[in-house]
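What follows is one chain in structure tokens, specifically the form predicted alone.
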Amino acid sequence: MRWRSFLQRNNTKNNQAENFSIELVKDLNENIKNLENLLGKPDDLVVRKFRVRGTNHRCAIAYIEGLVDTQYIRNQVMSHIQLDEDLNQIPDQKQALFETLYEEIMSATAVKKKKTLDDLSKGILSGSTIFYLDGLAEVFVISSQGWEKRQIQEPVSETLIRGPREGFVENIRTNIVLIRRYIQDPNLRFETHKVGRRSKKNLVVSYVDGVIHPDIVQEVNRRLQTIDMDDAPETGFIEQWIEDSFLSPFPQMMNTERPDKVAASLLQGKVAILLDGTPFVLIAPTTLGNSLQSPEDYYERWTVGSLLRVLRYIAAFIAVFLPAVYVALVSFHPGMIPSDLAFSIAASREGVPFTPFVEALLMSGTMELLREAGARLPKTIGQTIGIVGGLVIGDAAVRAGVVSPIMVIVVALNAIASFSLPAYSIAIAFRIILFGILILSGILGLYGIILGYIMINIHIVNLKSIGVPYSTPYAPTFYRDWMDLFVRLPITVFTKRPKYMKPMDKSSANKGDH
């Protein structure tokens, strides 16, 4: 009774998440009561007591309803214990019966022996079934996960015209299988961690041994071991905890729903971080150039991939600098604008009560509001609201004389450019920087834009991702890696892995920087 009273006191204090290394006792009923008190006697805890066929030995199973596959437990555990005639020949000795059940009777594939209450709580809360045998202070923890899960579908956030149509799901085991389908290499490694003091979620670090530099794996594991939080519901929590600089607007890790993108990154010598409960997988280290690349660059011919890559670099410049350049030229340097265009802009601005800076700030802020509204509304009307809302508000603002038509064009081009970037996280970073550059241009004109550009470059050069410079291969310069930077050369020339990753195996049959 001392164990049960101890657990009741801790349950009253709401300390269910503590680590109970309490040894089990031999009494079946006492063990079950201790488990119930530890879990707070939940309604979904199922306990089924019965006897082993042909004997007087009492036993029981316990599991959380909804977390296990009850059909699997019925067919692989209970049916053998209750119907197997070989049990009649076992001597009436509990330890011998226990070993026979483990070695000969249990047909479940994953069965472990445990002796502490802490092991039981971890197992049952993760979807395992506990098997008790009266008279023994030892149990079976049977892996029997069977909760409802989403089927494999096309990634929502990374759609492609050409390429695989399967994406990660919320089940980490399914995600591991998807990666193994792409990389059938015995050197592919999956290291499991537990994150969350209370949630104790599975986190898996994946890499290809013999390709990745060992220092990267060591550094990632070191940072993961420092995580101290109650729960990590999404990989965004992991990213924010282990990133190099929390003050930077730039994403220092890529997140993706695409198994092909993860597989290609692993073959380059990078690390993938998978978390149970989310379809988004982190890839580290990453660079600025990686953020402007898409898997589709490699699925199309190299000419098409190169054209798309160049367009993205132009779009990145437009997404950051176009409104600021317009404000600087109109407000501070009108002499740099061709005469016909200057007259046209002046005529369109006649009667507008705001300065170009205020005008650009208002329109950019309105566009951000429309984007946020479109993202939060249901899909069937979200895109419609974004497009129609932009057209209606822009037209109404021009008719009312609040903004000029040329400003509507500038902001629209800026929005289209940001939408063309393949990574949502880098597009968000550029949208944040846009307002900073806009303010500098409103104060100093082109000099402010140049100053902002210099500050961005200084920040990027000093930024790192898991110790790898974020600006590589621009600076430090690796000219060989430029073959897959501004343009994408033919696949046949990619015989080496990225030099800046310092891979242990430098040769590669093909490049896969997705």
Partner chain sequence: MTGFQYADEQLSERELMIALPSFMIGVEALSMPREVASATTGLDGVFSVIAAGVVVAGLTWWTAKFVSKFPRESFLTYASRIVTKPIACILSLFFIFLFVAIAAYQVRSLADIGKIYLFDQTPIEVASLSFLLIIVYAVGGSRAGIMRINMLFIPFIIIFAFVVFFFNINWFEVKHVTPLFQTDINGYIKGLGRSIFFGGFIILWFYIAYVENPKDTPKMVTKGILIPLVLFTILYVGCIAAYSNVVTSNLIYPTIELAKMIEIPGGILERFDSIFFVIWIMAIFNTAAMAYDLAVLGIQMLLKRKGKKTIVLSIAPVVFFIAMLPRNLLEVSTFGEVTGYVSFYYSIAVLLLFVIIAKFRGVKGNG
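Remember, it's a predicted structure, so these values are computed and weren't measured experimentally. Positions refer to the first chain, counted from 1.
Missing here is the form predicted in complex with the partner chain; even so, the following discussion is about that form.
When the partner chain is considered in the predicted bound form, Leu446 lines it closely, a heavy atom lying within 4.5 Å.
In the predicted bound form, the partner chain lies within 4.5 Å of some heavy atom of His333. Taking non-hydrogen atoms only, Glu154 never approaches the partner chain to within 4.5 angstroms in the predicted bound form. Using a 4.5 angstroms limit between non-hydrogen atoms, Val493 is distant from the partner chain in the predicted bound form. Contact annotation for the candidate site: Met455, Ser471 and Met504 all lie close to the partner chain in the predicted bound form (heavy atom within 4.5 Å). Proximity to the partner chain in the predicted bound form, defined as a heavy atom within 4.5 Å, holds among Leu28, Leu39, Val461, Met483 only for Val461. Stretch-level contact check against the partner chain in the predicted bound form with heavy atoms at 4.5 Å: of 124-132, 73-81, 206-214, 421-429, the positive one is 206-214. Using a 4.5 Å cut-off on any heavy atom, the residues of 329-359 that reach the partner chain in the predicted bound form are, in sequence order, Leu329, His333, Gly335, Met336, Ile337, Pro338, Ser339.
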